[in-house]
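Below you'll find only one chain, the form predicted alone, shown as structure tokens.
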């Protein structure tokens, strides 16, 4: 016999306020009573939505035939539009995914390796000794430059786009402005000085820059170009139709806005933990040193402890708190609870990653857990899962590893103070509340690195 779907006791308004302002508090309060799933009655997610945070349940909603993914309720829809891969469903999503996957894998992705290392050095060479800086901002500069190269190909117009996208992202850093994304009746244009009015005008500026880039590229076709914009412009479906201008705009916006911001946040979290825990930093430096001088970027990305550190950073505070919602298509059971057709469900990534039965001492940063065990795709899902997993996850992890390794081996950094860095909502994401304040002490003396440590010694 099916169990009744558990619901939180708090009034929906209280739930909604807490979910917007303090999502960690909301989730960790709920999980005390409901360790596997619960019905969240919160605004901004398309309606009441079931948070599932047991691996068996997550697997079922991500892969079961009784569920269909929906992008219509995506929180970033006002920014990204409805025509990107995040907003598509059914066959249109499958076709778009096939189109977008190749540039993020294989030889094309490997070609980005040296670019990532070079761009990272360019950003950090600008700092002076004893300069205090925000790691999140520095990482945003790196990830945005990578996106502009991979998606557009670097040029003056894409540099302008970089500034415009950064300005939009900045709007939704405050809890007050974040509420605009959740509550539709607040989305009113009251002039250029109102929050939503300011956003709409900045979005228009971004759209203008993107459409200008598309216009120039179409007028000057170059078959030798391998950036994603050129690929999308030249792509045709089975009927010979090209992507429309709105489709091109939304896809580019999703890749630019969503892609660079999530990677930057993940890198800034990694820098925090590495410098918060000196032993982690020591082990990383020793492992990287085993590759000798001027290592191949691909070999750097294969380092096991570096991989474990990056995965642990993605686990403990995942940038995305929920998977893309699914809609129940037919009456079905999840973990013994009956779900009715039309019900929204989502995997709760944060609570899944905090399960003590999967990750003992889950609140502690312990990279070694990823060396000792292989977690399933339904236990570790920082990029979502199933057919809706992030298309850029391979590039994001590749970039994260190379940027972190480049920073550590070339520059001496320290945290600016001993205050713990805590997560807070930034739009649809979890980000470091203070951005990770750091001090640039200068360039590293590489001759001082350990060179003969084995992996067994590092993780002992």
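It should be emphasised that the depicted structure is a prediction, and the values quoted were computed from it without experimental measurement. Numbering follows the first chain given and starts at 1.
If you look for the form predicted in complex with a small molecule, you will not find it shown, but the lines that follow are about it.
Wondering, does residue 389 line up within 4.5 Å of the small molecule in the model of the complex on heavy atoms? Within the cut-off, so yes.
Contact between residue 162 and the small molecule in the model of the complex at 4.5 Å, heavy atoms? Outside the cut-off, so no.
Give a yes or no for residue 97: in the model of the complex, does one of its heavy atoms lie within 4.5 Å of a heavy atom belonging to the small molecule? Residue 97 belongs to the contact set for the small molecule.
Does residue 27 reach the small molecule in the model of the complex, with heavy atoms at most 4.5 Å apart? Residue 27: no contact with the small molecule in the model of the complex.
109, 139 and 398 - do all three of these have some heavy atom no more than 4.5 Å from the small molecule in the model of the complex? Checked in the model of the complex: no contact with the small molecule for any of the three.
To verify the annotation, which of these, 350, 152, 199, 104, has a non-hydrogen atom within 4.5 Å of the small molecule in the model of the complex? If I apply the 4.5 Å criterion carefully, the residue I get is 104.
Contact assignment for the small molecule in the model of the complex, among 268, 323, 83, 145, heavy atom within 4.5 Å: Result of the distance check: 323.
In terms of non-hydrogen atoms within 4.5 angstroms, which of the given stretches 371-379, 351-359, 242-250, 313-321 touches the small molecule in the model of the complex? This holds for exactly one stretch, 313-321.
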